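One chain follows as structure tokens, the form predicted on its own.
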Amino acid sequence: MIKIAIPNKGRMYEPTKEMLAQAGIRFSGGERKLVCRTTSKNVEIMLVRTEDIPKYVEIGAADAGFTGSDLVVESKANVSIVTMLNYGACRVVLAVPEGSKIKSVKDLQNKRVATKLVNIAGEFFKNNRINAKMFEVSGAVEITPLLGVADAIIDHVDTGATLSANRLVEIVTLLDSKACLIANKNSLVEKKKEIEEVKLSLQGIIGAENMKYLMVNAPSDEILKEVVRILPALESPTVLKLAKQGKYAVHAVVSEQALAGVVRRLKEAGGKDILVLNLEKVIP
């Protein structure tokens, strides 16, 4: 049995729950239910605050966890990033009020900077040799310049709409972040098989994103050569002989973006009976 910590609410909760469901790990629970059994006999889910997950994983309260890569940096937790995921993208940025005299990082000297991410901010100031006065807050960071308690902020940005609404403009991006699966270093040794199974399933889901499984019949050797030339594949298309002499079935994985063009070219080359199917997982 492995315990996996996931966000109990917020923008990462639903996509994490959905990805686990695609991996065959389903559970029912809410904010009040902290530990959930799952449809997988090997996995138990812990529902906790996203910010706390790196530390829970570090101390072994959870074997693995879903969190933001920025929060791994901020917490300074001694954990391993098992795999990056395909959701939860955001940036950590430095922003200032519109019309501010602060135009670059060097203008922050002796200025007040509000943030929840004191470790990321502190490392940024150290690397840039800036002596800024950090003002740590736990709530809405973007309101602090309007209240006159900060000259700038360092905070998460998704679309930038919140910054615009509060008349703030970005100066620089400190780091980019995405959701990731992390693991306790001892658990990676003691429960390697179970964590590896979860990792491979997640990577398979990501690999199948925007991909289609395509099958086409080639009614002659000449058409087969052209079909194989047209079809992209992870390595090479799969070619199967059909019961009728000189006829073949060709299978390949094609990106959704390229699909229409590939199908057109296959038809022009003489391909027949083209089938396109959805993929659940692609594991190289």
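Residue numbers run from 1 along the displayed sequence. In this text, all values refer to a predicted model and were calculated from it rather than measured experimentally.
Omitted from view is the form predicted in complex with a small molecule, to which the following refers.
Of the residues given (Lys116, Lys212, Arg112, Lys191), Lys116 alone sits with a heavy atom within 4.5 Å of the small molecule in the predicted bound form. Taking Thr162, Asn86, Thr83, Asn78 one by one, only a single residue has any non-hydrogen atom within 4.5 Å of the small molecule in the predicted bound form, and it is Thr162. Among heavy atoms of Lys199, none comes within 4.5 Å of the small molecule in the predicted bound form. Contact annotation for Val157: at least one heavy atom lies within 4.5 Å of the small molecule in the predicted bound form. Although the partner is absent here, Gly99 lies well away from the small molecule in the predicted bound form, with no heavy atom inside 4.5 Å. The small molecule in the predicted bound form comes within 4.5 Å of a heavy atom belonging to Arg11. Heavy atoms within 4.5 Å of the small molecule in the predicted bound form map, among the stretches 103-111, 179-187, 138-146, 125-133, onto 138-146 alone.
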